[in-house]
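What follows is one chain in structure tokens, specifically the form predicted on its own.
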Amino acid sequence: MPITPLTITHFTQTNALGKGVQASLNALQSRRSGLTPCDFEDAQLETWIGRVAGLEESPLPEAFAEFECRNNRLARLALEQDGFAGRVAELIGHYGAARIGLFIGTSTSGIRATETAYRQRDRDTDRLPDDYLPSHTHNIFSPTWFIRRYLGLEGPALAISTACSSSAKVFAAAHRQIEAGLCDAALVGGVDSLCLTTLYGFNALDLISASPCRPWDLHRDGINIGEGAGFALLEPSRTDIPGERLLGYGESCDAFHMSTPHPEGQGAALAMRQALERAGLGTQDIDYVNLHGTSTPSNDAAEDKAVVAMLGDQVPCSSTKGWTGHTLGAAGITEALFALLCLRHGFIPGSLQTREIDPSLQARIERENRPARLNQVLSNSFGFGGNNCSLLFGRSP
């Protein structure tokens, strides 16, 4: 049974491409990557990262000092772009603060604050700094809590942490809460920031690349880690509200392995199938797939099998990880908003850095940008533990 669509009435994003939606759009259209050689803190790693400039000089206002950490700084920076905070205020005036839900995805939250606290601990007693507040920083709920306070929201609030699908699943959670009558509208989003834990952790797993990532390439050898934040407003669809539509979503958990997807892409295919069913659409209705496309050998191979099994080998596909790196818990929202930009501006972004497509993979990978009239776009986000989510968006009527 098809679901009732929701309209995305406003959105914003900030990542390595710059602050605000226009910076992302310009970079996508000009094929300018935001990846740079790793210069984060004192990380001694040969890799590339997608870093947001200026966070070090952007502390939170004094009234929110207890939430001070890189992750919440990034969240605030993004909220202040594109007039987004002002639109939230307008929404509060229309629906009431208690009737707007807040659904935020993150993977590591403010873990950088914990890393810093342990470096600054008393070496004789191991006592951590008195101003270290893990409940307001490291806590997975921290960005949701901070955003709720910062914007004055009072409705249902939820943090979702399912690895790289975290901020894709917020769309599904918001739709269910609105359908259940628990809120009338929703703010969805995600934020994840650079930290040493993820950089060295993925390095220990042999998953990071020493060069800019190249999804679907024969010589792909790993990811580049990035950071980013993105937010969107969802409202019930009406003829007088313009905006792209959330038509469907699919979620699955194949639980094949802690860090490796099912090799046949079974969970990924199920998520895509559910999104199509909830939208009441067929495989022939998909005009473009924004792949999860991490650029690791096993992930790209598994997603390729899932896409071809579900949609065939003629649907245009590409990965945008070459622009921002893998923003982990923010990847879902970052790439969902890229999909909305593609719908709105009528183009398909070809995968950056992908030079020689792996001949063992069968999906139709676009390597160069091209104009295209898109009506329905699928955006995939697949995380550790087989946590999968696919989102289906449609053009504004």
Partner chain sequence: MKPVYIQTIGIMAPGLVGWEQAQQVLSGSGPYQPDSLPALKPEMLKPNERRRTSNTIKLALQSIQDGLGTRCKKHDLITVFTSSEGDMEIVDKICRALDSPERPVSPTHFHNSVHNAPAGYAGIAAGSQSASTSLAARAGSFASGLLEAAVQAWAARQPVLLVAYDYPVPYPLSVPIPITRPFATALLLSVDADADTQLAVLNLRLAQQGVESRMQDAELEVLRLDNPAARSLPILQVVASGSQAELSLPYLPGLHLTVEISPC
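Everything numeric in this text was worked out from a predicted model, so none of it was measured. Residue numbers count along the first chain shown, from 1.
Beyond the structure shown, there is the form predicted together with its partner chain, which is absent from this document and is the topic of what follows.
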Honest question, do E115, R119 and G201 all end up within 4.5 Å of its partner chain in the predicted complex by heavy atom distance? yes
Between the options E277, D82, D217, D254, which residue brings a heavy atom to within 4.5 Å of its partner chain in the predicted complex? D254
Please identify the residue among A43, A65, A372, A53 with any heavy atom within 4.5 Å of its partner chain in the predicted complex. A43
For its partner chain in the predicted complex, the stretch among 229-237, 300-308, 282-290, 263-271 with residues bearing a heavy atom within 4.5 Å is 263-271
At the 4.5 Å heavy atom threshold, is G18 in contact with its partner chain in the predicted complex? no
Can you work out whether I160 and its partner chain are in contact in the predicted complex, taking contact to mean some heavy atom pair no more than 4.5 Å apart? yes
How about N387 - does it come within 4.5 Å of its partner chain in the predicted complex, if we only consider non-hydrogen atoms? yes
Please run the contact check for K169 against its partner chain in the predicted complex: heavy atoms, 4.5 angstroms, yes or no? yes
Any residue of 134-155 with a heavy atom within 4.5 Å of its partner chain in the predicted complex counts; write them all down in order. P134, S135, H138, N139, I140, F141, W145, R148, E154, G155
